[in-house]
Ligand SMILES: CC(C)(COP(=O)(O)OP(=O)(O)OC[C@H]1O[C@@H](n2cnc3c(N)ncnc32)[C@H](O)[C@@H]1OP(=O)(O)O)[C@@H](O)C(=O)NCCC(=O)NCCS
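Just the one chain here, laid out as structure tokens, in the form predicted on its own.
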């Protein structure tokens, strides 16, 4: 569809996504399966002190019922087109869960979505989140036809902020007292990326091996 006098081509947003695995230069991304329950639990427990500062669902008693519920809900959300969660894996260590990365719709009318991710503590600093984020942004803009993707990061989570900056998100503002974690309201910084900005960044992502 072409809007009159603007030259802008409108592509209707997609609400379905193939469940095939995706790859980056180093990583494999795929939907969750039932056999991911134990690796997920292990990754969460390896990361509780760090993740628990920022994410309300992380706790020391995270167990099979929590992981099974997440995997089940993730599969349902994928089928229903509500959200698309990927487990991040190294093909050379396929049984080790490195973290999660997800994209979901926030406004179908405005073709807007949101990105979220976490990486297990003993794998941070290796560029995993950066590489996975670039690949999922490619999915968001080229497969789901989103116009805009946002990212919310708790104030003080400098590691995640550096990832947003490296990937090319623009800092747009502050969301005050956005999430309640361990009885404390956390402010979040709002970042955004537009489709044209992704297109401008794509060559850099390719040259750095973040997408292939």
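It should be emphasised that the depicted structure is a prediction, and the values quoted were computed from it without experimental measurement. Residue numbers count along the first chain shown, from 1.
Note that the form predicted in complex with the ligand isn't included here; everything after this is about it.
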Exercise. Hey, of 137 to 145, 122 to 130, 102 to 110, 68 to 76, which bit sits against the ligand in the model of the complex at 4.5 Å between non-hydrogen atoms?
Worked result: 122 to 130
Exercise. Within 4.5 Å of the ligand in the model of the complex, do we find a heavy atom from each of 50, 158 and 163?
Worked result: yes
Exercise. For residue 46, is any heavy atom within 4.5 Å of the ligand in the model of the complex, or not?
Worked result: no
Exercise. Does residue 171 make contact with the ligand in the model of the complex, using a 4.5 Å heavy atom cut-off?
Worked result: no
For this session: Verify the contact flag for residue 28: yes if a non-hydrogen atom of it lies within 4.5 Å of a non-hydrogen atom of the ligand in the model of the complex, no if not.
Result: no
Exercise. Does residue 117 make contact with the ligand in the model of the complex, using a 4.5 Å heavy atom cut-off?
Worked result: yes
Exercise. Though the partner is not shown here, which residues of 53 to 69 have a heavy atom within 4.5 Å of the ligand in the model of the complex?
Worked result: 54, 55
